[in-house]
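A single chain comes next, written as structure tokens; it is the form predicted on its own.
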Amino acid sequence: MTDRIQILKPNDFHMHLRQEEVLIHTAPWAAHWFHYVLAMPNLIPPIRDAHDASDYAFHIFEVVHDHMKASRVEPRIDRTRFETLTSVMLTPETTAKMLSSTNHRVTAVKLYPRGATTNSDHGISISEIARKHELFDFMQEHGFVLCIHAEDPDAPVLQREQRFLPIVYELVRAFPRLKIVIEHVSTAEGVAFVLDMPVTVGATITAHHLLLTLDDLLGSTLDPHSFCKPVVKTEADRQKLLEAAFAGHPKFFFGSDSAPHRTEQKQQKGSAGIFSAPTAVPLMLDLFHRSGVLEMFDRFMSTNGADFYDLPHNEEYLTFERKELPPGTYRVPGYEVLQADLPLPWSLLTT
């Protein structure tokens, strides 16, 4: 029986760190578990250009630095290799000039169909995508990644991803060198689509789409803490996502889509988003270990995404020991954390 497991420090290529008071809770967990974190731009106001992105990255660094000075408080950040990758929101006003400045170059442009998810009002309508072809051409020539919340907000909720895939297909045809990421892929059709596309198309998969289904959201009672966009789907969809993650296929890599809302917002308003940053890594480690595919963990959680984004592989390792953590170890006051009230069989060894 394995008593210790060593893994490359993972990366998260889709995280909502939020801002203000929420950022104080998210940034330390991001630095605790991950090397690269791609920060999403749907703030209020949104991240619109490289200057906004640079300011946001520096603010994240300040929050992490301040937390490190109080390292006796969980999460204990005793590792300094943490890099925030930034993105800007694609709006009707976005131009090529807005993607880089003298001191900062964003990694990705995030396409939110207007109205598709939290704080997406500044995104673009599906009809406006065709007007951005000059920008997409610039992006493919200069190595920017287009990250897409691939849902048609006008389609029935369980069909939104499938309805958006033809739009992605047309972008792939028009811009064959543009790297495109279908974020938080959630359906069997989405997995098959990515596999059928050229190597320029990849996809992130979340912890909650690998662990939850519609029965968790709409089972014996309605659970607002399992509500996200795209919504979790059927068991058949989950199995296809698991196959993609467990196969170690280079097109699929981890993006948590960790998206915190205060508990009262979730319970009273049903805000879309699952806060998984504190628990995602131990949950994924346990899932891969229980499924007998631990050898694929580093590919999915660390190297596949780095390769897709042309980033150096991490050199830092995390070591876990078989020591059950009591329920609530990763609880965050005021927020519901994904499966934080369940016991976890693996504990991170501090160094």
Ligand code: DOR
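Values in this document were obtained by computation on a predicted structure and should not be read as measured data. All residue numbers refer to positions in the sequence shown, first residue = 1.
There is another form of the same protein, the form predicted in complex with the ligand; it is not shown, and what comes next is about it.
Residues within 4.5 angstroms of the ligand in the predicted complex, judged by any non-hydrogen atom, belong to 271-279 and to none of the other stretches in 271-279, 122-130, 174-182, 157-165. The partner is absent here, but in the predicted complex a heavy atom of T118, alone among T94, Q140, T118, Q265, sits within 4.5 Å of the ligand. Checking V194, C228, A244, L99 against the ligand in the predicted complex, a heavy atom within 4.5 Å turns up for just one residue: C228. In the predicted complex, at least one heavy atom of N42 sits within 4.5 Å of the ligand. The ligand is not drawn, but in the predicted complex it has no heavy atom within 4.5 Å of H25.
Of the heavy atoms in C147, none are within 4.5 Å of the ligand in the predicted complex. In the predicted complex, A108 stays away from the ligand, with no heavy atom inside 4.5 Å.
Contacts between stretch 252-276 and the ligand, counted in the predicted complex as any heavy atom lying within 4.5 Å, involve D257, A259, H261, A272, G273, listed in sequence order.
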